[in-house]
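Okay, so here's just one chain, in structure tokens, the form predicted on its own.
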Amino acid sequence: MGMYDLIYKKKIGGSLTEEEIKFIVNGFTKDEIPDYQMAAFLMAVCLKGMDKSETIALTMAMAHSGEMLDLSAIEGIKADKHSTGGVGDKTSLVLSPMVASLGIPVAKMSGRGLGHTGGTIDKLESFPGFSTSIPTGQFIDNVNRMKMAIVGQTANLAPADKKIYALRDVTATVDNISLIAGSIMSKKIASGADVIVLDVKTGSGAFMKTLEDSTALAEAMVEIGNGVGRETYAVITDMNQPLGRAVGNSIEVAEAIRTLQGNGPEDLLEVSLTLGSYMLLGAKKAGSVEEARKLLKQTITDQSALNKLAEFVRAQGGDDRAVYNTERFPQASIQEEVISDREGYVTRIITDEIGMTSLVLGGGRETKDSVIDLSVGIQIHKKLGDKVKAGESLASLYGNNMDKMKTAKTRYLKAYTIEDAKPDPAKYIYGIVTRDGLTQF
């Protein structure tokens, strides 16, 4: 078996066997296959595609290239959620304590953010003292004891994916559904959960900009997950505007807390309830989406989810007092308003630009070594369909540097289109993909 022959086979549209794909992934991971041959193979995949069996084989080869997290010591059906990423996306902070408070183990590995805002791990560090580097034994013990723990991803989780993605990023081979789906699912499968619920974003602030591409990715990932014995669902959600009204780090945590108190924005609550419902279905806690939603809403009414969040923060060394008093979070020193220069309705938001505004303020990382300012962020006052008057505030910006603030205000304003005609109501959810196929909303 030689790499030249496998590149040629894929170039002419052939289907590779599981053993051939293992040979490629393992050889590249061990530096036995050079970058130029792997790049040629990836380009052949982009041009000719991969079938279902090839995609599953690629995913599993990458998953098994490093540590496979063994969660067998955790009692019950373990459920996890993954988002393809967006602006203001803090659903993990809402649904994890909701699901855990119902007795379903949530053993989650999350990453740090690279780009406009921090990842879940960065946001959790808004709680003074919070640690995401707890030992594996404590991680498992915490989940068994209180049904919830979130830690940072280990360096040896699907290392083949990390190496392959770095090459894809510089060879124009990122945009292939099999490669994207395999990359995401290899890490989720290696993380050990029994139930995987995927939040696939679509729109101007998403990795996949069109509904067609987002649906194709959702279907591919569900096919992979169920194909390897993991109960997998995908929810296709909107990212044509930020989720919720807070963008940043500590400001997003505060909004998640308000949601658990019953005072959160409608879109964040709806997306969290939908994702959480499928976690409950997969874990056999509910027999229907309707039953699951009722159970999840009860955790807000009786404050069990809010108290679970506090218990979780405390167990990982954090100061849980901020759960009950969000003014204890880091606070920015400057507040400025973004003022509308015209009257009308918000008809379009370039969501990526809102994320970049947060980055300008210091809320994200331009490089992996950048230090995030947890106190900065954006409080959005006007979203799609909202009526705006000239001179009214579109958003409040929070920062600690006046020069950055001026740049951020200009950038934020350019992200908005305000017109005379009121647009159709924005959708929160476009569809659900299960093993039975796609249900469109």
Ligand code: URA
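None of these values were measured; they are calculated from a predicted model. All residue numbers refer to positions in the sequence shown, first residue = 1.
The same protein has a further form, the form predicted in complex with this ligand, not shown here; the description that follows concerns it.
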- Item | Contact residue in the model of the complex, chosen from Arg168, Lys285, Arg230, Lys78 - any heavy atom within 4.5 Å of this ligand | Arg168
- Query: Exactly one of Ile104, Ala332, Ile180, Leu281 has a non-hydrogen atom within 4.5 Å of this ligand in the model of the complex; which residue is it?
  - Reply: Ile180
- Message: Quick check for you: of 181-189, 67-75, 268-276, 194-202, which stretch puts a non-hydrogen atom within 4.5 Å of this ligand in the model of the complex?
- Response: 181-189
- Classify Phe207 as contacting or not contacting this ligand in the model of the complex by the rule of any non-hydrogen atom within 4.5 angstroms, answering yes or no. yes
